[in-house]
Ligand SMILES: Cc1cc2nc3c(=O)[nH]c(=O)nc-3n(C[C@H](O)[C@H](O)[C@H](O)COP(=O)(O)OP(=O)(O)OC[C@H]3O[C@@H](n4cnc5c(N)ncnc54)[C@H](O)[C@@H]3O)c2cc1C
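Below you'll find only one chain, the form predicted on its own, shown as structure tokens.
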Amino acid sequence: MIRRDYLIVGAGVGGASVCEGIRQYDKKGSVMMVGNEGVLAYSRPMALKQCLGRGSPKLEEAAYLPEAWFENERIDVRLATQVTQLDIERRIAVLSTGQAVEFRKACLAMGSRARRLPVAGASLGNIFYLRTARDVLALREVAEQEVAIVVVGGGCIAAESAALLSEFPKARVTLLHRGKHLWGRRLDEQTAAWLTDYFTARGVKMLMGETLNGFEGGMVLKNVQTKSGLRVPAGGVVTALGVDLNLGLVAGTPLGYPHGTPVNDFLETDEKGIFAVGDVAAYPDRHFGVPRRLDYFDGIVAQGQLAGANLTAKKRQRFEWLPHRKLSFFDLKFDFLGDFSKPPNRVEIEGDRAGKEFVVRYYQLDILMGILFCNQPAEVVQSAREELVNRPRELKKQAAWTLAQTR
């Protein structure tokens, strides 16, 4: 029986940052981190840009921590390995190697996987689900040769992928999305329409209002078929249709809720000594009064480091994070600050969309919920952060009440 003080299930950025937090306050405790990928943690957004950007791929620049750090900090890293069984009551885990590990405390950081729709032709060659660095490198090889690539989806990964692929000289890129505009669920209609037109002006063919029906071809993809009957020629497809949480390990337990493992303000589950971070953790967002999951780099890093500190019990602090997502493509740099989960009933814009420098404020019932920045300096974003954090006390009381009703 292998014995460890801390078991980290998942070796992505969430798991690696938990190790950082542990080592900041506990230099001697034994730590094992187990992950099914064969490489150490890296920034997925940066990997996308490094592997699909101009020039030769430089995946090493997307690495979160160097291998030497784990060696120096005596972290027992098990890559290309899975935890196949987890007995929380007995504090025993079984690895895919057949080994059993007894642990005192654990953190769940299993992340998520790209959603695969049950449509015809889904197993054809040259259909890509961008979840690992290997996926992105394989897509790059096709993009350098093929002339027709279809991106299916309307979210952040779809937009970034389409923008990067459009820079390949031989690529003709089409983005297929069932919504009326790109990012229609996140932005107001005018800004979403402006962004959709911007992609068109940059050479991306935008097929809005079309829903994927299936893929056609022999062994290799030839066409993408929509439910309206369109057949779009394609030598490669990127499917970016959301993710499914990797919660199979805790399925059937109180930690296996379909919308994420519930954790408290300290990122601890109802099982004492068992924490969760990243995609799989549903934490209480005190700013907006809703349970929330984090799926972007900066937030997951902050969450993992704090969870690691709390695991040691030598530093116990609450996790309070104002949602902030950064995205960039073409010559546009976006900052999403706040909550964009619901449609606004009032919008205020400063600046000029056509000039590509503007700020949009989103309100619900006259309460500021989110702010979008396009090509704005960091100090402007920081100032607005304080504006959102320091909202009226009455609103925070309402948010706390709303959160209590959902738990």
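Here the structure is a predicted model, which means the values were calculated and not measured. Throughout, we count residues from 1 along the sequence that is shown.
What comes next is about the form predicted together with the named molecule, which does not appear here.
**Student:** May I ask you to state whether Arg361 is within 4.5 Å of the named molecule in the model of the complex, using heavy atom distances?
**Tutor:** Arg361: no contact with the named molecule in the model of the complex.
**Student:** Is there a non-hydrogen atom of Gly338 within 4.5 angstroms of a non-hydrogen atom of the named molecule in the model of the complex?
**Tutor:** The answer is no: Gly338 has no heavy atom within 4.5 Å of the named molecule.
**Student:** Could you tell me if Pro45 has a non-hydrogen atom within 4.5 Å of the named molecule in the model of the complex?
**Tutor:** Contact check for Pro45: yes, within 4.5 Å of the named molecule in the model of the complex.
**Student:** Verify the contact flag for Gln82: yes if a non-hydrogen atom of it lies within 4.5 Å of a non-hydrogen atom of the named molecule in the model of the complex, no if not.
**Tutor:** Flag for Gln82 set to yes.
**Student:** Leu249, Gly278 and Tyr296: each with a heavy atom within 4.5 Å of the named molecule in the model of the complex?
**Tutor:** Verified in the model of the complex; spot residues all in contact, yes.
**Student:** Looking at 364-372, 32-40, 61-69, 349-357, which one sits within 4.5 Å of the named molecule in the model of the complex if you count heavy atoms only?
**Tutor:** That would be stretch 32-40.
**Student:** Quick check on this chain: which one of Val152, Ile300, Ile149, Leu187 has a heavy atom within 4.5 Å of the named molecule in the model of the complex?
**Tutor:** Partner contact (heavy atom, 4.5 Å) among the options: Ile300.
**Student:** Which of Glu160, Glu268, Glu210, Asp285 has a heavy atom within 4.5 Å of the named molecule in the model of the complex?
**Tutor:** Looking at the other structure, the residue within range turns out to be Glu160.
**Student:** Can you name the residues of 11-30 that have a non-hydrogen atom within 4.5 angstroms of the named molecule in the model of the complex?
**Tutor:** The stretch touches the partner through Ala11, Gly12, Val13, Gly14, Gly15.
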